[in-house]
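What follows is a single chain, given as structure tokens, in the form predicted on its own.
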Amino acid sequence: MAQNVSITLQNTDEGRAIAAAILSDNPAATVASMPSLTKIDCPGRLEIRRDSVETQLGRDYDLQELQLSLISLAGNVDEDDERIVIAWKN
């Protein structure tokens, strides 16, 4: 059984749009919404795709902007201009 990775985002308009993009691209992910944050857990691997976030926000998006909404994450990060992958590496 794969260990969960997670990302926690501020519960703002932008954070909720990013969360919606993550959930649309990661069907195994589960979400916990609280007044100030949204936490997403996913077994094994979680992918954040630039094009999905752009669709949710309705504008161009640089994945480095994620830092403005990020509270915390659990897992190793691999990123490029098109996607961020959070996964545990052995």
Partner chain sequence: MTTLLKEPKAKKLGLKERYAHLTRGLGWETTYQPMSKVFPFADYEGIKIHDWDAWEDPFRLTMDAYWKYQAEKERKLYAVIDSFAQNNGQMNITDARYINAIKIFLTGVSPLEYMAHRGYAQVGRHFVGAGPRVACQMQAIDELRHAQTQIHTISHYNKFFDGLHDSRHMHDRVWYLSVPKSFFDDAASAGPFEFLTAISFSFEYVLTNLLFVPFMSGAAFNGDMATVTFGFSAQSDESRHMTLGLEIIKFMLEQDEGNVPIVQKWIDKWFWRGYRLLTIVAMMMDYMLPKRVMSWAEAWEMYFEEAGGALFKDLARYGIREPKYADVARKEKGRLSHEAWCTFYNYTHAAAFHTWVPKEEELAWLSEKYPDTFDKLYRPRFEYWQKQQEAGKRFYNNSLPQLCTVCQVPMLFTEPDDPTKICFRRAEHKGETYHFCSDGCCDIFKDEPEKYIQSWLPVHQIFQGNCGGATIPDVLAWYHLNNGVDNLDYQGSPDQQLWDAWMKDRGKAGG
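Residue numbers count along the first chain shown, from 1. Since we're looking at a predicted model, the values are computed, not measured.
The form predicted together with the partner chain is left out here; the points below concern that form.
S.K.: Does the 4.5 Å heavy atom contact test between residue 31 and the partner chain in the predicted bound form come out positive?
M.R.: Result no; residue 31 lies far from the partner chain in the predicted bound form.
S.K.: Contact between residue 50 and the partner chain in the predicted bound form at 4.5 Å, heavy atoms?
M.R.: Contact with the partner chain, no.
S.K.: Given that the partner is absent here, does residue 27 sit within 4.5 Å of the partner chain in the predicted bound form, heavy atoms only?
M.R.: Judged by the heavy-atom cut-off of 4.5 Å, residue 27 is well away from the partner chain in the predicted bound form.
S.K.: Do residue 73 and the partner chain come within 4.5 Å of each other in the predicted bound form, heavy atoms counted?
M.R.: Yes, contact at 4.5 Å.
S.K.: Any residue of 55-86 with a heavy atom within 4.5 Å of the partner chain in the predicted bound form counts; write them all down in order.
M.R.: Contacts from 55-86: 62, 64, 65, 67, 68, 70, 71, 72, 73, 74, 75, 76, 77, 78, 79, 80, 81.
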